[in-house]
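In what follows, one protein chain appears twice in different forms, each by itself as structure tokens: structure 1 and structure 2.
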Structure 1
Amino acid sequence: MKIVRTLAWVLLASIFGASAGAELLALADYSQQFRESPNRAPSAQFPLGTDDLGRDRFSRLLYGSRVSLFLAAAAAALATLIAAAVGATGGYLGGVWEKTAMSGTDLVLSLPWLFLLLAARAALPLNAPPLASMSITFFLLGLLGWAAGARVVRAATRAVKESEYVLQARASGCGPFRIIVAHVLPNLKPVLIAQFWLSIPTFILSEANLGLLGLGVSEPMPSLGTMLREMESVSRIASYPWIVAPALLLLLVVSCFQVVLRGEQRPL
């Protein structure tokens, strides 16, 4: 088991490393169009062939995973922050505030997001510039993805609230907000860290789904999500089998995360 985990770490590190060093590894720019050679099979010049527009698939995969991993990690940080704030205040303060916070959480969990996202897509300009589309994706993921985490944080906060050391902190005159910040949250660190890492693979997949709705990162910027869209038809995969590379990479990243996280999760 240890070897599998080490292998997973190594794979994750090299994937992160490769996407961070995309400039060094890529043979061509991700947006450069080799008009004379679209839909090429893999070759020495194009290790993963080219797409409809003659762009180097390998280069797009490198840059695309960088965008996806970075977006997912940033959005996971935002979601974890919101989950910590909502869950810890809800769980500690109790009463009306807890009811409000948890109704809000349930609402976020139960809204028909597909329709809301389609509506949001309709409201946005048809072709947002890459940076704008990245920020929109970041906020969408972060603002939609915190609710499940908030429930976990609230449950953990309740356990901490009943502890003797919180009673002791109250007995020394500490107020509720100071107790949340200085006594509760430091004890939730393992929960928050797990929440952060667990969100990353989910968000990578969500970004891919947003891409299918036309909401993800916009052209010419690649992302795993936009590249997955190329696998729309089976016949296409049959004639260009190498276009499944992004899907395989995504599968690899997500399973490596699972292996690593399962090993890291300690009973609280």
Structure 2
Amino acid sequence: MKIVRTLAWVLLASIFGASAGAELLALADYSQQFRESPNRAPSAQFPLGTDDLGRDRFSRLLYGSRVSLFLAAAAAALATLIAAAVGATGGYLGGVWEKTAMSGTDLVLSLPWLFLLLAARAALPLNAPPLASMSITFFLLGLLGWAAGARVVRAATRAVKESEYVLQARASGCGPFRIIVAHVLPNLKPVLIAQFWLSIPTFILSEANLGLLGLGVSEPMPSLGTMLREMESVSRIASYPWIVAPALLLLLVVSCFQVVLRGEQRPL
């Protein structure tokens, strides 16, 4: 199992590295159109062929994976920060603060958050520039994906609250805010890190769902989700089987995350 986990780490590092160095590895710009070569089969010039507009699919896959992977990590960081703020505050202060925080958390969890995300994204401008649509998409992911982590953080905070060092800090006259910042949050670091890593594959898949429905990143900026739209027709897949590359990459990334996270959760 250790070998499989190590292999998963290597694959993830390689995929993130390749997407980060897209400018160096891509054979063409993601938006460049080779109008004389639409729907070309894979070749030395186009390793994954070209799309309907003659754009190099390999280059678009590199840039698209960078958008999906790195901004999913940014959305996970935002969701973790919100979960830390809501969970730690409610868990430490207790009383009406905890009831309010957990009521809001339960409300968000009771909603089908993927459909809520679709509705929120559809209500925003769909013809926004690529950078704006990219920011909107992952801001919504982070803003709507914090609730499950907040419950975990709240439970961990209640345990830390009763620890001896927190009781000593309270007896020394430290205020609630200072105790949360200086004592509670640092000891919640392992929980927050776990929530961050658990959120990344969830947000990658969420972006893929949005992109598949045309609600993700705007053209010509690629993402794994927008590239999956080429697979809507089964007959098209049969004619151009190489268009499944984004789906295979998505499956590989999520599987590697599952292997890595499962290994992290094993008791020592």
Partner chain sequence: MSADGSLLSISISVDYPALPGALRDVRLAIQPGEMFGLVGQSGSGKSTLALAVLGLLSGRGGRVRGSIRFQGQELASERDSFWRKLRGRQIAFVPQSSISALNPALTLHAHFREAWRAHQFGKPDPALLRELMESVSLPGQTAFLERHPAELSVGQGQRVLIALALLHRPALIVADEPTSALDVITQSEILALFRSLNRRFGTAMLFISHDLMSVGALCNRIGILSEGELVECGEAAQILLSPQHEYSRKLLSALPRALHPADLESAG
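Every residue number counts along structure 1's sequence, beginning with 1. Definition used throughout: the rigid core is the maximal C-alpha set that superposes within 1.5 Å between two forms. Because the structure is predicted, anything quoted here is derived from the model rather than measured.
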Between the pair I just shared, point out the form predicted alone. 2
Relative to the superposed rigid core, does residue 27 relocate between the two structures - that is, does its Cα move 2 Å or more? no
Quick one: once the rigid core is lined up, does residue 213 have its C-alpha move by 2 Å or more between the two structures? yes
